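The chain that follows stands alone, in the form predicted alone, written as structure tokens.
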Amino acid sequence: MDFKFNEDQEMLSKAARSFADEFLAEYVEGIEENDEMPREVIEEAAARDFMAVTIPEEYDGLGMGHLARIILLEEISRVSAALGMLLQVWHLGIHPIVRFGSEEQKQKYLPRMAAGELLAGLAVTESTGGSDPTAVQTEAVKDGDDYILNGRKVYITSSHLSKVVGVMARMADDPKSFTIFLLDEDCPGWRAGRQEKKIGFKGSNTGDLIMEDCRVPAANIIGKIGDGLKIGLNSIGEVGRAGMAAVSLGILAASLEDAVKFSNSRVLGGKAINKNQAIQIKLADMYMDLEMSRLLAYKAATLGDEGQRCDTEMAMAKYYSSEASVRSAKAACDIHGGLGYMMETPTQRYLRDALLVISSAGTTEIQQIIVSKAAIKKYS
């Protein structure tokens, strides 16, 4: 297996690291304090084509695929997991249009999304739970050439920022049939509701989307009536979980870098603390977790780029890397001692952010169920 990035991937990695270290880092403290992503950060990310990575070239995108996206998100999340989360959900919102949208929809939305003019999102989760998408209660009723949507989505990333959102709704005339509708600025009757206050991902907005007699033209249906569950699960399985694995990689890398630097400089008993075996064991585990998480994520992404089925591999990558990010962030805090839990240090932020990754794009238990089914099928 060739583990080297190709030329385009290498260039993207360097560009993302430069952006993160030289531009984004200046904003992180303010993002944490204000719990808001500055517009100029989003505009700069768009200017560097980070929004366009997964959009085909014929729609003004880069057309670089899954692995490039993971490379990008890891480098950005190493400095700000909040921006990594915002970007990963942007890509998640784009995916249904790229993969299942009509040519008219692609022409209408994708060039503006590539340019950063339209922030995209996907809204499936409701108060009935996110792990069971068939429990969705948002309802669509046909009315002439349009559909009327009523319902409320919860815990939606970029709920107050997104200009185009794919919303999964239950069809009123067939409660077992689900459809994805694109809500945009020309669809009256939808708005952002409650905005959540989270312990982590400060600057990555999360909240409700409310639809009250929201009128959506039939031209805004992605795929066909009844395709919603397939499209939603494909998007979450191939893009949402890959994105969260990539954000986890950024947290893992930041935690390890921070722990190594601190343990080099912290002197106790006349020697740097990383001369102590207890610290060395923690660093070894952190390094192993980072490398194993990368292998799982890169393998899953490579399968996806080759057009192969990769939902199980994406689930494994998300499961392992998200749990590993919590372990490593906790270890980094422990290595720092009391300082690791002080708000003026970035170490505690890694732990807060890592905890939120667990439930995003499917909990650990959901990933375990997916992986177990694949194991039973393969080895029975």
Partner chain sequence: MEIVVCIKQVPDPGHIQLDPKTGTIIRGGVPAIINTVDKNALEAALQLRKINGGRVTVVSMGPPSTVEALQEALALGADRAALASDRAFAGADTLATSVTLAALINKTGPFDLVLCGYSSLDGGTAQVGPQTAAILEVPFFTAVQKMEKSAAGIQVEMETEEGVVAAESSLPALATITKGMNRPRGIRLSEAKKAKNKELFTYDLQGLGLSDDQVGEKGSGVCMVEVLPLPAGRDAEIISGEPEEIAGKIQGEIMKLGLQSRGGNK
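All of these numbers come straight from a predicted model, not from anything done at the bench. Numbering follows the first chain given and starts at 1.
Keep in mind the form predicted in complex with its partner chain is missing from the figure; the text below concerns it.
For the marked spot (254, 288 and 330), a heavy atom within 4.5 Å of its partner chain in the model of the complex is absent from each of the three residues. Only one segment in the set 309-317, 40-48, 322-330, 351-359 has any non-hydrogen atom within 4.5 angstroms of its partner chain in the model of the complex, and it is 40-48. Shown without its partner, this chain lists 335, 67, 62, 31 as candidates; in the model of the complex, only 62 has a non-hydrogen atom within 4.5 angstroms of its partner chain.
Among heavy atoms of residue 370, none comes within 4.5 Å of its partner chain in the model of the complex. Contact check for residue 365: every heavy atom lies farther than 4.5 Å from its partner chain in the model of the complex. Its partner chain is not drawn, but in the model of the complex it has a heavy atom within 4.5 Å of residue 12. For the chain shown alone, residue 58 is not a contact residue for its partner chain in the model of the complex, no non-hydrogen atom being within 4.5 angstroms.
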